[in-house]
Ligand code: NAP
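For reference, the chain that follows is the form predicted on its own, supplied as structure tokens.
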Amino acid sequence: MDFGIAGRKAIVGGASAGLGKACAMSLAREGVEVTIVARTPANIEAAADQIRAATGARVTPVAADITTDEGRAAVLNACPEPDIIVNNSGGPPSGNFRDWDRDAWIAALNGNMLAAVFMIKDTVDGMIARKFGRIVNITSSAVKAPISILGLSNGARSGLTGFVAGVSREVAKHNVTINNLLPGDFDTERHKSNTEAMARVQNRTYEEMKAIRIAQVAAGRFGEPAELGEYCAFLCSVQAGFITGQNLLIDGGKYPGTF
């Protein structure tokens, strides 16, 4: 299927590894010019080289902290008129809510809610004027089924979900869609660190905790980042113009509910 987005321009956050890199790779394969963002220069440069080699696409790496005004300005200077935004940021630390002070909560809100809100604010009117826009926020399955040790993430990402529920309906008539992807258990470094944290809390080994988590997934395995990347690319396609304001759970059947 031709997604009809060749030649479009995209900004992808947290793209030096994991799910963000997978989304950038899938968009690049569709002929999208991607500006990829992460904080560490060496890592984002290496990711750019890998995406170029695999796809032949134009890739612009930007080393910036997307949670700051200066970081967002640097990204938008590199790609001033994006057609596609993939908001993606590493989650805040796991732990017990009794140990988190105000600063911890502000950092979580800034990283997993406000950064995406301000990126949407900075780009959506241009998309409206050009009559095309696709915004995908990579959140978490914890929005649907909260995870006890991820209280900071549960709260901040749910806040973004509420914001998107409203603004997505305001802009849909302009062929601008905003959706959230809720990844479940994907084989990433972030997932590994969360598994290690769960193992410590339950006094288990990492391998024991990993086996328990796999057993909870109906598919019997963790997801591959490329699988989420392809789903993201479809949401950015011309064919997906009638999908907006949705929270799309990709978890291999782990969530047991009907709705």
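It should be emphasised that the depicted structure is a prediction, and the values quoted were computed from it without experimental measurement. Start at 1 with the first residue shown and count on from there.
Unshown form predicted together with the ligand; subsequent notes refer to it.
Although the partner is absent from this view, I138 contacts the ligand in the predicted bound form, with a non-hydrogen atom inside 4.5 angstroms. Using a 4.5 angstroms limit between non-hydrogen atoms, T55 is distant from the ligand in the predicted bound form. Contact annotation: D65 falls within 4.5 Å of the ligand in the predicted bound form, judged by heavy atom distances.
None of the heavy atoms of G133 is located within 4.5 Å of the ligand in the predicted bound form.
A single residue from the set M25, L19, I11, L235 has any heavy atom within 4.5 angstroms of the ligand in the predicted bound form; that residue is L19. Contact with the ligand in the predicted bound form, defined as a heavy atom within 4.5 Å, holds for exactly one of Q50, T205, Q216, T40, namely T40. Of the candidate stretches 94-102, 139-147, 118-126, 161-169, only 139-147 contains residues with a heavy atom within 4.5 Å of the ligand in the predicted bound form. Of all the residues from 217-240, none has a non-hydrogen atom no more than 4.5 Å from the ligand in the predicted bound form.
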